[in-house]
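The chain below stands alone and is given in structure tokens; this is the form predicted alone.
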Amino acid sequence: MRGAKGLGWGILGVLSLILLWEGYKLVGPAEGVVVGDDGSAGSGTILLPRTHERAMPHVWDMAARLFESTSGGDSPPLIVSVANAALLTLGIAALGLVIGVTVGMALGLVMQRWRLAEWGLLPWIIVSQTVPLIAFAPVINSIGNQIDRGGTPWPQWLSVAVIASYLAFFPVAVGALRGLESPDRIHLDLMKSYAAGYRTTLLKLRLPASVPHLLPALRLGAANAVLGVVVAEVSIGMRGGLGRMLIQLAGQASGDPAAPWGPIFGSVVLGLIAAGSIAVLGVGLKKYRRGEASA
């Protein structure tokens, strides 16, 4: 019943978004609402978006475009091209998530074990997320190219995976720290009364107690990994993924406004798949999920 209720709310949310989109397109001005327009090109500030067909196609036009040829001729339908690009993006995101979880868990363990490490590392972990990813991605790509030229193979997709892990590690590190510190004092004292060492306490108490905090953090990390891959593909121009496809189709949007929405929908679906995979993992950890924190 709980799962069915969540699914129902999700469907209702999608329908509400569609109604909002079509409702605004119906009543909104074709050229939007511009303030401070003096007649010169580029003047004024747009307060409300345009609603003409090139800027805001109908939802059913976007859906129909998925089953049309990607670029004309004998090219496959757009939905097939999006699916092929999504597979590459999903694979890189999975690798980025693995790297991010490994780094995040390691940082969480170190910060929980030594209070001085928490004081020194946590502020920098938080500050790291203020760096714009679109500026950080070319730096990582440049470092990867230097490593590759130095004789060590470093494919471009590995740079993208590292960039994705940069977004994924943060919620995992914070969630791991909070979860590992969540056991009550009385439970820790009980482990001490059994003469349990740090390793036994970690495996038998702290890690199981951290599950309600780790699962929401992993869901956020998985979605962030997908976002990181798409943005990195756009920033460094890696071919084959959803990010590159989005840029290519956006360049043709003036004549085919519904096409860029294909890879956008693909990115949304990938985010749901990534978060859903963590939900499947949570099924096997059901007995540890009492009092689970919200994502």
Partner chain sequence: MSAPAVARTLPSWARWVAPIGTGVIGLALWVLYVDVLQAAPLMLPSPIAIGEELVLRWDIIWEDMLITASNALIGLAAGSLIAVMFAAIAATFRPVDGMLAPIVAALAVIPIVAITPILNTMFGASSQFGRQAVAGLTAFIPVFVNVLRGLHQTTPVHRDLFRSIGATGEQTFRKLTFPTALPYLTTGLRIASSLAVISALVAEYCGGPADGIGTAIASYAKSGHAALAWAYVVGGILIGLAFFLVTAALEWWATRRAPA
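Since the model is a prediction, treat every value here as computed from it, not as a measurement. So that the term is clear: the rigid core is the largest set of C-alpha atoms that superpose within 1.5 Å between two forms. Numbering follows the first chain given and starts at 1.
There is another form of the same protein, the form predicted together with the partner chain; it is not shown, and what comes next is about it.
Using a 4.5 Å cut-off to the partner chain in the model of the complex, not one of 91, 106 and 153 places a heavy atom inside that distance.
At the 4.5 Å threshold, heavy atoms of residue 279 stay clear of the partner chain in the model of the complex, well away from it. Although the partner is absent here, residue 227 is a contact residue: one of its heavy atoms lies within 4.5 angstroms of the partner chain in the model of the complex. The partner chain in the model of the complex comes within 4.5 Å of no heavy atom belonging to residue 35. Not displayed here, the partner chain is kept clear of residue 284 by more than 4.5 Å at the level of heavy atoms in the model of the complex. Residues of 128-163 placing a heavy atom within 4.5 Å of the partner chain in the model of the complex, in sequence order: 129, 130, 131, 132, 134, 135, 136, 138, 139, 142, 143, 146. Once you line up the core between the shown form and the other one, the Cα of residue 29 ends up 2 Å or more from where it was.
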